[in-house]
Structures are given as C-alpha cells and as structure tokens.
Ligand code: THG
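Quick heads-up: it's one chain on its own, the form predicted on its own, in structure tokens.
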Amino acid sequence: MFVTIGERINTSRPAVREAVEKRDLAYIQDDVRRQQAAGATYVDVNAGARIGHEAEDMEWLIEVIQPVIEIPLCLDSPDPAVLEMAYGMVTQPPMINSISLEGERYETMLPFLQGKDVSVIALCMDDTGLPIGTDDVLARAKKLASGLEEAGIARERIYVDPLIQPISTDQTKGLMTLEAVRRVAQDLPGIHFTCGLSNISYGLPQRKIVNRAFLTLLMGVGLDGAILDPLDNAIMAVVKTTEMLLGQDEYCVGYLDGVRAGQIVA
C-alpha cells in the first residue's frame, strides 16, 4: 500500500500558523479529519516555524489532533528534545521525520531512535550536501539503513528519501532519481521510500502536472510513499490509479472506491 504522509499541518503555512497562534482547535481538527478521509496514512505535524514556541505548539497540536483521527502521526522536528516529548504523548507508533548523515543531526538523532517503536524517514543528505548522482544516493541509503538497523529499527520501518532535485536546473535529475529508487529497492530488499515530490517541478510552470507525471514514473520503479497534500484529489487519483495499473490493487477495489467517493474524476 502506498504510504501517504499528509503534509498540511505545518506552521510554515500561514493559515496553520495563525490557527496555532490563536489555538483554533476547530481549524486543525477539521483539516486532519479531511486528510484522513482523503486517504492519508500518517499526518505530519511540524511546529517549527514559530521560533521559541516549537515545543509548546507541538504539544498543543498533538493534544488536539489525536482524539479526532485513527491514523498515526509523523513527528517532524530536527530537535530530539521536542521529539522525545512528542513521542511520549502519542498513542500509536509514530513516524519520525527525519534523520540524515549530516554529522550533528546523525549523532543526535541516532541515540533518540535507539530502541523506540517508530518508523523513520532517512534523508540521503550528508555534510557534502545533496547527492550528485545515483551512486551517491545508493551509498547514503545503505549507510543510513545500516546505522538504523544497528539502533534497532527494522528495515521495513525505514523510509529512504532520495532527495528529489529540480529538473529545471538539470534535465538529468529526474532520471537520476528514478534510477536511484530502482537500485535502492534492488539492493535493500524490504526498504520503503518517501519523498518531497514537488521538488522536481521547482521553477517550472504548471507544476502540478509535472508532479503527477513524475509520481507515476517513480511508483513504476518502486517508490511506495510520498509526502503529499491528501486533499489534492488529482494527485491522490494518480496514486490510486497507478497502484491499480501496477497490480497492487486487488480486483481494482481501491480505484473503484475512489471513483464512487468522487475522488477520481475525468
């Protein structure tokens, strides 16, 4: 099943920031209910935009979100102290967003993750920056998987993010990511993926069309998750339709349910 991480509860979004500042419980609860109804697997919660208020904002968000949804949360923060607090509050095993190979982040996140009942997003980033080729992505994915497995995180709970880069600045970046996903899936059986899909279209017009086309290609080589807006019916229609075409939707049930629910329309 494709793992959709709902991206909407992020205080970098003006409407969410305002709702958090005003402690507008109704706005937040309505949004997460709709994300769940649209097919989100996790709801990402990021409270980092209000400098100096992240911990209290994260605590409030978890308190108001959990009672109204049945799906788990993706706890999104670079601060292990905030994550430790949030982990203690959740009622279902969360996803953690994220760890990377950047020295300081790796060294602080790995002890936090040790022995915890979590899934983890693993960014293929190190201190040299973004990967410059497929070999870079593969090497970093293997190093991250090895370190996380040593920390007690099962491979099946690791979600590699190959770090999609804009095709507008280098026409080979799409092909690089496609090949990287294919090779990581081949060399690390059981590993999962996620990504910030919209990075591919940065700097281009009609970005949503580019994103949808690229998602279909990525799913064809093994991508099984992404950080998306579940309320974008067009992108969710691509997910359901591509799953069906790849033989991952027995008797086309998911596709037909989406059509009946009005989520998939011509």
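A residue's number is simply how far along the shown sequence it sits, counting from 1. Computed from a predicted structure; not experimentally measured.
Omitted from view is the form predicted in complex with this ligand, to which the following refers.
Asker: Using the partner position in the predicted bound form, report whether Asp126 sits within 4.5 Å of this ligand, counting heavy atoms only.
Answerer: Asp126: no contact with this ligand in the predicted bound form.
Asker: Is there any non-hydrogen atom of His53 lying within 4.5 Å of this ligand in the predicted bound form?
Answerer: No, His53 sits far enough from this ligand in the predicted bound form that none of its heavy atoms falls within 4.5 Å.
Asker: So, Arg17 and this ligand: in the predicted bound form, are they within 4.5 Å at any heavy atom pair?
Answerer: Arg17: no, not in contact with this ligand in the predicted bound form.
Asker: Thr241: heavy atom within 4.5 Å of this ligand in the predicted bound form?
Answerer: Although this ligand is absent here, Thr241 would stay clear of it in the predicted bound form, with no heavy atoms inside 4.5 Å.
Asker: Between Pro166, Gly147, Gly196, Pro93, only one gets a heavy atom within 4.5 angstroms of this ligand in the predicted bound form; which residue is that?
Answerer: The option sitting close enough to the partner is Gly196.
Asker: If contact means any heavy atom within 4.5 Å, which of 84 to 92, 148 to 156, 180 to 188, 118 to 126 contacts this ligand in the predicted bound form?
Answerer: Stretch with heavy atoms near the partner: 118 to 126.
Asker: Suppose contact means a heavy atom within 4.5 Å; in the predicted bound form, does that hold for all of Arg13, Asp161 and Ile227 with this ligand?
Answerer: Yes.
Asker: Which residues from 15 to 33 come close to this ligand in the predicted bound form, meaning a heavy atom within 4.5 Å?
Answerer: Result: empty, none.
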